[in-house]
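In the structure tokens that follow, a single protein chain appears in two forms: structure 1, then structure 2.
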Structure 1
Amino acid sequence: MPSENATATAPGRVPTRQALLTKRGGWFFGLTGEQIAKLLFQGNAAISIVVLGLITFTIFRDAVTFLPQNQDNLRIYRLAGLEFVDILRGQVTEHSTLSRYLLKIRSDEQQRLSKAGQDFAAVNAQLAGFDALANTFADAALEHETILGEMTDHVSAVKDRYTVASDLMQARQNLLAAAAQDPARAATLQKQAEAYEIEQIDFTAEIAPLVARRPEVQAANQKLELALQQATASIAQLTDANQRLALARFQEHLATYRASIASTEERMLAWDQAKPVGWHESLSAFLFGRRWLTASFWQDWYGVIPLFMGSMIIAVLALSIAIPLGVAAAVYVNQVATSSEQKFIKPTIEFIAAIPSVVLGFFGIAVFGETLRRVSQVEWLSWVPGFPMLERLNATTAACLLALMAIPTIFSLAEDAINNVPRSFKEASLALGATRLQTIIRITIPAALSGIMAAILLGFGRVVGETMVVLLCAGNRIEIPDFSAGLGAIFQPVHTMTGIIAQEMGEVVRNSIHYRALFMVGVVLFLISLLINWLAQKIVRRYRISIG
């Protein structure tokens, strides 16, 4: 036995193993081996808390500075007058959209007439009236376009000058900081810093001529109004019913457009360059922004909505495939299958979870996307909305593959839940004369419902958080899907929150606003996963109580 106090001074050193296992001790900082072991285990456990803290801290630290940076971004947008020009741009864009709509009606009509056997000249002659209308309409906004072009050049130049000035300012600050660090070269560095000519930009004065053009815009608007009135009056001389419908729709659009001109004018009048940009404006520009536009010459936008929509569309689609299949498989394996089938199916489905997501993504690119497009081109499937598919890689391609990833999760958790339903429930139901199907539908599934719900939620978490499949197969177009296409919207390419991080993180400039924006997206993902976990736990806890 070791002595009471086996310190290093004791002649016979105690073997480590014995020292570790002895009850009495104090051989190391007065601690017994037992206590040390406990501390070791405890310390390790504490590390996982530290890790959680670190994760939260790291991504939040890099994300929160996004807000002031974006605020600054929006402030310049307003100060340099870009916002003012964008108000007018909205109107001009709407005009050209309507103009394109007219051209589309014309080309449809032309096709119809040439199919009916008329030759080119005859068709043109017949459409001459329509062409006159279309041309007057297109020309009506020429004056606006000129003003807009001039304004755009003006504010772009102002913004460029500002960017140059702020870059120089940054360079000067760096030099001065270096000078403070290095006394030997301080004088030269300071001289270099002084040598920079930094332009002070007076935004109010720069933008004044722009604001002064408001009466010009008003005058142009009055002319436009007259032209539009004429256009409205001279519409409607097409014979085909479909075309007349299209024209009627054009007239509706035209009416809203005419109404919007006045409000555009009002907004231009009400625009205030000096209005401060609040931090909540910066936050809502991120949370509710409908544009994710980076490295643009005009203005960068960091709005998460298109990415969020992409993630949600893919997740909902994937779940609508995975839930029926996963739950059906769980019910089948637990309630219907023979035990040999069980032994084979259960590990096999769980085995699917081991397919690495990047391999699934590769399969999607190499085989599945192409197959899906071939199928969509089959003649007798053309009634399906969105068929034939325009793109090989789209939300549906990614969702089908993600469904395969979510199925094992949903299957094994749902199977557990069904397995946990007390046998007496089932036996009581069968004893009352119910068939097996009735028992399953009325007793077993309702009793396991909350467990199944939790399984579905965790499957959802898995789908939303998946990166490689969506990065490879979703098509990566950063736009809100065009829901006017109805259900066909699911065959459009989308981009997702996970995908954008993976795609842009590698190339982004560190600590730039774009970098912070990606961390903000990471924060959104982190919060979503916390919410899902919290909900799943809550549901499971409630379920336990109800079984009693």
Structure 2
Amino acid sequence: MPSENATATAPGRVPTRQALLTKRGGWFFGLTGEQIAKLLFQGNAAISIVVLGLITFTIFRDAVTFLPQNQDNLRIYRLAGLEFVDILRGQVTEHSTLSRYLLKIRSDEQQRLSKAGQDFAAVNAQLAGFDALANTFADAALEHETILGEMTDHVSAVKDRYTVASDLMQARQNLLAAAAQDPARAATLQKQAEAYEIEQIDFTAEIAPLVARRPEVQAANQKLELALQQATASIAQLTDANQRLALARFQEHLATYRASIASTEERMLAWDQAKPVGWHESLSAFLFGRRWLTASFWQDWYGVIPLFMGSMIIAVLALSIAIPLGVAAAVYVNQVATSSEQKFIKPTIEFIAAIPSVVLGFFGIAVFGETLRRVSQVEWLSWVPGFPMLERLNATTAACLLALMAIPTIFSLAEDAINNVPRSFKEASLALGATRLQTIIRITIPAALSGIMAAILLGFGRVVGETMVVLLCAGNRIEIPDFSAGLGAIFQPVHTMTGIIAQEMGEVVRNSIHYRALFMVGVVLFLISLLINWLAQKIVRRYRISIG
């Protein structure tokens, strides 16, 4: 009877299974099995809370200090007169944009006439009137460009002197701090610190000559207005309907530009160098800023809007692809597919989630992006807005690959939600005479809708938090897409919040304003993730109640 020997226990010893299932205090440091299990789970929860707390504290600690640094950045921008010069720069830039618009019309018309068979001399003769208009318009802002150039040189020199003085001040403080810690070298270090000649810059006096040029700008604007009136009266008419339409749009833009000239003068007159920069301006410059510009000779800007827009465009495009495919696949696998199809389709889709994102990024760069660009050059697809694509790496390329990554998440969670719909719902529907398709559309999907919505939200979180694919395939142009191109805007390069952190965090100087700005971007991402998770939990809770 070997079994009796195997199960025999020493006299007085409790079998292990019985010891684990029986309450008995003090067998492990005075704790019972239940208490140990409870401590284990509580420990896991505590570790999760501590990790989340550390992440939150670290991100917000470094992000909050961005606000005073950016406030000082904007204060110098105002004191040094860069803000004043940028008011005039905006008008000159707008004039240059309209001038380039005229040149584009001229170029298009030249190509059209050349294709029609006219030689170079005949084309130039026919466009002589248009060239006179374009030249008159371009020359009208020469005086403004001269003033702007002189102002730019002046304020750039003032800011450079301030930067040098700030660096010397920091160097002196470092020497004094070192002297306090090293008494043996204190005298030498203090002598070196005192040797620095730090310039005290009187910003009011430095900018006074700049402000005194306001009447000069007003006089130049009067000449500009006369030139624009003459240009408007002499606009040449083109023969082609499309070119006439483009010219009509130019006249509309010109009217807006002429109206903005008076506004520019008013802003220059109202500009106040002594106006304090509040913390709310520092925050709004980040939240609503339209420029992310770093290491600039002129002024650094940390506006999150271009990055936020890039992230949202890619996320919306990716979800518009992933939701129909993921949900439809879940419905098919759960409600329609045979057992053999389920065994093949479900693991296949879920396997996509195992592909490393960097591999998908390589695929996007090497194959997918170039394929899309070549397809966009097909002649019969020229009606599609944005075709042919100018860049192979753009928002659409990145979105298609992100959709591939989001499909397994949406599919798995949506399939689970459909699977949790009580079978009695389906049986009751079929018993009342509904077809299988009617049951799926009218009963199963509505009953699982809350769970499907939660799956979509988690898929959105998966997309908006992805880094590697967008960094490799989105084009990384830090600009708000040109929405005047309509749907063609989705084929333009963009940059994202996750991409900018991954790209720039390793290069910035620690504790610099640029470093803190990246943490602010991280805070925005953190808040978006919290919002998505909160919405998903609310929806899941509602889903559980609805089928309970």
Partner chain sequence: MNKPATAALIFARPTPAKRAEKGVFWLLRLSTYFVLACAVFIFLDIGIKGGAVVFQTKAPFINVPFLTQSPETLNVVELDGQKVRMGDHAFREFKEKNPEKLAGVAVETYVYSAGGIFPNIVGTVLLVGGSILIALVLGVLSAIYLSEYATDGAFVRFLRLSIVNLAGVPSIVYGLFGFGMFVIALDFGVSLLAGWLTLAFMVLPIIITASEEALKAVPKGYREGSLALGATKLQTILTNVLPYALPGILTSSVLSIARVAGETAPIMFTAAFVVRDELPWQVKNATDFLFQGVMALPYHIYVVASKIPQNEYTRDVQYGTAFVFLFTVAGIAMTSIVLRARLRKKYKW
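All residue numbers here refer to structure 1's sequence, counted from 1. In this text, all values refer to a predicted model and were calculated from it rather than measured experimentally. We call the rigid core the largest set of C-alpha positions that still match within 1.5 Å between the two forms.
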Properly assigned, the form predicted in complex with its partner chain goes with structure 1
Hey, does residue 202 budge by 2 Å or more at the Cα between structure 1 and structure 2 once the core is superposed? no
Does residue 120 move its CA by 2 angstroms or more between structure 1 and structure 2 when the core is aligned? yes
Displaced residue check between structure 1 and structure 2: residue 108, CA, 2 Å or over, core reference: yes
Cα displacement of residue 130 between structure 1 and structure 2, once the rigid core is superposed (Å): 2.4
